[in-house]
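Here you get one chain, nothing else, as structure tokens; it is the form predicted on its own.
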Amino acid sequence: MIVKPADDSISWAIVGGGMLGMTLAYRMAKLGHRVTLIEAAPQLGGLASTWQLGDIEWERYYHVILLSDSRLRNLLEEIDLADDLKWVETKTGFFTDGQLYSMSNTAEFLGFPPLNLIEKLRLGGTIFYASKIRNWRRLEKIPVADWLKRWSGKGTFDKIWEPLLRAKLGESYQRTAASFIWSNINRMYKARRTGLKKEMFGYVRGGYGAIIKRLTERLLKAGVEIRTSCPISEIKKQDDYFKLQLRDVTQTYDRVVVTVANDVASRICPDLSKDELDKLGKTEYLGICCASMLLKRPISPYYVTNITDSWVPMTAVIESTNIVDREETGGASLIYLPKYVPAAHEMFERSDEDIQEEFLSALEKMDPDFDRDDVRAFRISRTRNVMAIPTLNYSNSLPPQKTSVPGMYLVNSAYILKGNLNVNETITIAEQAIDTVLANDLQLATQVK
């Protein structure tokens, strides 16, 4: 069955209902365009979506808002959630050589035992130098390991940087460009500068569930048609319109914006050129296996505990209730245990029970006071395509966002070139696309209407 839109105005389909797709739909609808937002999952939000954990509903993956996240904060202001944004001064921990250290201020940094004074000075100098770099494109040509060894020295690289890179990227770090570490350092450095040298993190009361709910309400009010539980198997151009195959129905639109991961886009967009399909298919993604846990009591004073010991299966320990008010979690401590892995990693095939046992056993070794009887809820979420890995010369490996198929655009998180993956950056990509790659077609659509 083919369903054609009822009126003759130009229709837009946005494929993918994460925060990027939702922002695109919201901005386009506010400009007066007829938009349908199509999401394969039962709910909107993508990586920011929520689920049931014990007796609370909260995000499947951990998120935090920084003072420097101006695009996200502006959006929250627009949808009347700025007053629900709460800021907390946080601390950072480091688990290395079997010991937990605080790394929350200059004095603690200078007293950090694993590094000698020269190594500390070089580490601090690397962070400061990275924060001043503006020409990020030249960093795309340098392997991250080479760049860090040059500026931090081999000792600091071996003790700090390499374990962190392996924890985050696995062996993929050897193919990763220095722009990756630059973007991470730059975001955190800007946040501290904005926060007057304090580590200030924020969240919206009710979490991303409240943000997604409010944004959904605004989308519907603006006239956006929202279709969830609608996986798309194919997008084909026919004459002057696109046919989107949604299970047993073919829906037609005049323009399509594809916001899903590159490898998914390569499967559902067969009309793209061979060069475009090759580039999409070669994008290397980092996945995640992340445990969410409710505990009867806190396990640390740190929001994030970075882990450098290779025997620990988690990348970090994130204690969200060092930011989120425990009234939101029924008095429990909310902990995330992420493990970043390549998209084809064996962790995607292992049972939840196996991974739960591995993670809890590691926590028992890390913290003798940890008691499994304190666990009130434990769930595992997995996603294969979380972040496109910025390999060497990454920006040149992407196809243009305005594709060879007239009226089809690629706007997804793989096009984050000057930052790391977070909600603020996805909103930035969406809003920049409105002003650049989509601008001519949006103007044409307005003229036609």
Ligand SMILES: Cc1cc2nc3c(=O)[nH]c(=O)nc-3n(C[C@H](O)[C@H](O)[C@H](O)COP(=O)(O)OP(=O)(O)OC[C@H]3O[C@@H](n4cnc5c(N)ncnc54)[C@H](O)[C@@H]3O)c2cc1C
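This is a predicted model, so every value here is computed, not measured. The first residue of the sequence shown is number 1, and the count goes up from there.
In what follows, reference is made to the form predicted in complex with the ligand, a form of this protein that is not presented.
Although the partner is absent here, Val204 lies well away from the ligand in the model of the complex, with no heavy atom inside 4.5 Å.
Shown alone here, Leu164 lies farther than 4.5 Å from the ligand in the model of the complex, counting heavy atoms only. In the model of the complex, Leu20 approaches the ligand with a heavy atom inside 4.5 Å. Of the heavy atoms in Arg27, none are within 4.5 Å of the ligand in the model of the complex.
Proximity to the ligand in the model of the complex, taken as a non-hydrogen atom within 4.5 angstroms, holds for one residue of Val35, Met408, Val423, Ala388, which is Val423. Between the ligand and the residues Leu272, Ile288, Leu295, Ile181, the one pair within 4.5 Å by heavy atoms in the model of the complex involves Ile288. Along 149-173, no residue reaches a heavy atom to within 4.5 Å of the ligand in the model of the complex.
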